[in-house]
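What follows is a single chain, given as structure tokens, in the form predicted alone.
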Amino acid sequence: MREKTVYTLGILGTILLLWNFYRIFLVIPIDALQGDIFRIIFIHVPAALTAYTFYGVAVFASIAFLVKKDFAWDSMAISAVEVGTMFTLVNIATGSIWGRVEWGIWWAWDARMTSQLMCFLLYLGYLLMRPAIAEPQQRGVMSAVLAIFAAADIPIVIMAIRLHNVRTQHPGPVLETGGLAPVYWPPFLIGILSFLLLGSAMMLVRLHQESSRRELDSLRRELHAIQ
């Protein structure tokens, strides 16, 4: 059942993504001010929103682990963080490409870019910390605390371009101000949906891998105790 779900999500997400890429790069009109580089917004912003969605799942799973001490929640948290961190990297990379064209530099250290980089590094630290802690319970607790702490940076990223007297080169909040033309909304929303479907498929795969690893670790500890 899980395997069918993974294949269904993965295939549907891939079809939507490829169809959306066709629409983005060959069908929709270019932006009058930014030209062709504007098309990257349909990857850049959906990648960020998808990352935050999976980070939210990780926070929920981390809180559940701290309350119930069930390692299934720990597996869900690590799986969600891995997917979210991958999409954060996509967001940073596409933003850097956009900045190179629009600003003439790859990186500007403005408020949003810096806070987003901090978010990426915090969750990267989460992923690097886990293998360094051998004891499962301690690893789960420390990982859960870090996942919850790192999520506090997400509101800072979102508000970075809305705060007064804060240095930023980013455009204003286009989505809320009606700056996105109606013709651009379908590929934008389909981009989010396709990323969520693909991310969910990858998360289910990682959940299965984590469950198998946990079972193997348990058997290894039992054999070690017998010897």
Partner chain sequence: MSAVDIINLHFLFFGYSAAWIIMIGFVLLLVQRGRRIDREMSRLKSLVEDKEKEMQKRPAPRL
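No experiment lies behind these values; they were computed from the predicted model shown. Residue numbers count along the first chain shown, from 1.
As for the form predicted in complex with the partner chain, it is not shown, yet the points below apply to it.
Trainee: Does at least one non-hydrogen atom of W19 fall within 4.5 angstroms of the partner chain in the predicted complex?
Mentor: No, W19 stays farther than 4.5 Å from the partner chain in the predicted complex.
Trainee: Please tell me whether any heavy atom belonging to A93 falls inside 4.5 Å of a heavy atom of the partner chain, as the geometry stands in the predicted complex.
Mentor: Although the partner chain is absent here, A93 would touch it in the predicted complex, with heavy atoms inside 4.5 Å.
Trainee: Taking any heavy atom pair closer than or equal to 4.5 Å as contact, tell me whether I158 reaches the partner chain in the predicted complex.
Mentor: Heavy-atom contact with the partner chain at 4.5 Å: absent for I158.
Trainee: In the predicted complex, does I24 have a heavy atom within 4.5 Å of the partner chain?
Mentor: Although the partner chain is absent here, I24 would touch it in the predicted complex, with heavy atoms inside 4.5 Å.
Trainee: Have a look at L117, V141, M86, A108 for me and say which one sits with a heavy atom within 4.5 Å of the partner chain in the predicted complex.
Mentor: Contact check passes for M86.
Trainee: Looking in the predicted complex, is the partner chain within 4.5 Å of a heavy atom from each of I97, R206 and R213?
Mentor: Answer is yes for this spot.
Trainee: With the partner removed from view, which of 109 to 117, 75 to 83, 128 to 136, 141 to 149 is the stretch that lies within 4.5 Å of the partner chain in the predicted complex, judged by heavy atom distances?
Mentor: Stretch 75 to 83 is the one.
Trainee: Within 4.5 Å of the partner chain in the predicted complex, which residues of 121 to 157 have a heavy atom? Give them in sequence order, or say none.
Mentor: Residues within 4.5 Å: none in this stretch.
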